[in-house]
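A lone chain, given as structure tokens: the form predicted alone.
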Amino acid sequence: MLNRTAENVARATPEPLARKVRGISDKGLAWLFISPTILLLLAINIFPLFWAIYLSFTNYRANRPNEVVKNLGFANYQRILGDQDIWIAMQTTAHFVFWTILLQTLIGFTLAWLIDRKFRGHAFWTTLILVPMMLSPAVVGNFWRFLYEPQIGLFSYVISFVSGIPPTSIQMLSNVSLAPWSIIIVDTWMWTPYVMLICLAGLRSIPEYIYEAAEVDRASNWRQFWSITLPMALPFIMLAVLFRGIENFKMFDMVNLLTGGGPGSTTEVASITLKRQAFESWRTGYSSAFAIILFVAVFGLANIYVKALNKVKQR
């Protein structure tokens, strides 16, 4: 039936077009098939990047499209690098990135190591642990916002039961000291399973005969962990850190849903500042310059980190 369909298509193809198709090489045919995808990527990713670079050198405002656009040179970049509020937002972002990566890596690797023991019911627990990662950030944000409510939230009552503090005194989202940690807790809860999966793949890739040889040499479990498990799983751990670091540097949806950058500007990360400059102050050129600086920072740090990762893999 497939051959008959192919014959019908061949008969229906006009002769001039059929001659052209027969004359195309395999390489040309491959380019013919992938060219629509390349054009789509250029339209979605590359063009907006170059357009943002152009806007970053201008005074363009999206809410005033008919206004004369002036070339400001590097003035936007100079203002950003000299703006104290921008540096505070970058420090807040670095705080989030550090603590979320640290907690997610420690908890994720520990869970992966426990599940790799293949105890009874490990498949069920693996599926249960993966549930937070499958949820939409909007669902997670609203769910935890409800849990953090001091009057009716379960989180406040649990903390009150453990510490004896009245539930109404536990203001997770409106307290200057607690608000950053409330976001770190939610992000850790949601994305630790992702780190666990990558670490579990690393642990499962370690050959069993290495452990058997270590047992013959009478190496203790602690010695096997530090000499075999951790070094061989390290590239996978570093890969998880890279992925989560890039994503957490761009953190927006969770902060916007839980605190909106407040109280005050305590949780105002770089992405929140960028949104406010672009869509509240309508400083499109200024915000484009800030976006380019963030892109260069992430790209540069990721490039350095990948080089370090390659050196670890070559050991």
Partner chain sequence: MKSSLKMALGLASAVVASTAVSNVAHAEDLTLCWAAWDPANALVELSKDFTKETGIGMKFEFVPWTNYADRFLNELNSHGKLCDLIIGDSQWIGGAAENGHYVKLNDFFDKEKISMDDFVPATVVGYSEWPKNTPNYWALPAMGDVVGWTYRKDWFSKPELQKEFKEKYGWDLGPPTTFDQLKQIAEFFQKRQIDGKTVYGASIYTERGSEGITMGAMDVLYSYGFQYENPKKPYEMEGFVNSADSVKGLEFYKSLYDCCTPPGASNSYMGEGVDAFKSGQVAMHMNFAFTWPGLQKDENVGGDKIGYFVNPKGPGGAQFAQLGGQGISVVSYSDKQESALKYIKWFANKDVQAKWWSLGGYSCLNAVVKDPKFPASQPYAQTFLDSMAIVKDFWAEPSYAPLLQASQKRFHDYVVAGQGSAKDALDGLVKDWTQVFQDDGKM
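Positions refer to the first chain, counted from 1. Just so it is clear, the structure is predicted and the values come from calculations on it, not from any experiment.
The following text describes the form predicted in complex with its partner chain, which does not appear among the structures shown.
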Quick one: does residue 217 come within 4.5 Å of its partner chain in the predicted complex, counting heavy atoms only? no
Report whether the minimum heavy atom distance between residue 71 and its partner chain in the predicted complex is within 4.5 Å. no
Does residue 173 reach its partner chain in the predicted complex if we count a contact as any heavy atom within 4.5 Å? yes
Is residue 163 close to its partner chain in the predicted complex, meaning a heavy atom pair under 4.5 Å apart or at it? no
Pick out the residues of 85-107 whose heavy atoms come within 4.5 Å of its partner chain in the predicted complex. 85
